[in-house]
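Below you will find one chain, with nothing else, as structure tokens; this is the form predicted alone, and questions on how it binds or moves follow later.
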């Protein structure tokens, strides 16, 4: 009985099913790799044959290199979450070195409010959006800035406004009095065990305040710690205290 040979040199089975059929081919007297016919190959997908022997060798070399270097396939380690401190308020003070007539400022100034019972005048500007409290002695307190540079700019603008009102104002003695910042921890905080562990520098009175008051000596700062992980920092330096808070 004659056997029909296909163009690719592979003899089909009698039942016409090529699935799982393995044929060995000879080319130039050397046996090549065995070809396993699957359903995907029958549908016309490419088959790894003799002509692709070079590609198969390259694939094997690549697999050997991956096995030799397991770090190549290792998943990257997750970096620790960063804690960002948001500056909400910078309080500064300065002096204009002259006596201020509060009534004159209230009558001629813009965006001012005369608080006679407190003996001061409040003045506001938009850029940067801040509020200044002026006393007759020439002392001025500025609040509302979000950085030290913005507070310094606002202070100089208030001094310029007083000069335009006819006062011999000279800007000086500028200093940052207080800084308020907030941040949020990526975890919750158990306040009772925390206050017990840091007795002496941490106080927790849930009847009076829902958070723990944590005081630092160096640098001098006060932290308000809440169970949700929210922390409010008050002080002149807001960058080191958060690193010193350990659960």
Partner chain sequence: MTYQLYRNTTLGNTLQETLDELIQYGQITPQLAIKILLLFDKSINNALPSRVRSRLTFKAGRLNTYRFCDNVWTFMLNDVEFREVQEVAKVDKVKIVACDGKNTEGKV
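Source: prediction; values computed, not measured. Positions refer to the first chain, counted from 1.
What comes next is about the form predicted in complex with its partner chain, which does not appear here.
Of the candidates 161, 100, 85, 106, 106 is the one whose heavy atoms come within 4.5 Å of its partner chain in the predicted complex; the others do not. Between its partner chain and the residues 91, 112, 169, 150, the one pair within 4.5 Å by heavy atoms in the predicted complex involves 112. Although the partner is absent here, residue 126 lies within 4.5 Å of its partner chain in the predicted complex, judged by heavy atoms.
Within this chain, residue 156 is remote from the site of its partner chain in the predicted complex, having no heavy atom within 4.5 Å. Within 4.5 Å of any heavy atom of its partner chain in the predicted complex lies no heavy atom of residue 175. Although the partner is absent from this view, residue 139 stays clear of its partner chain in the predicted complex, with no non-hydrogen atom inside 4.5 angstroms.
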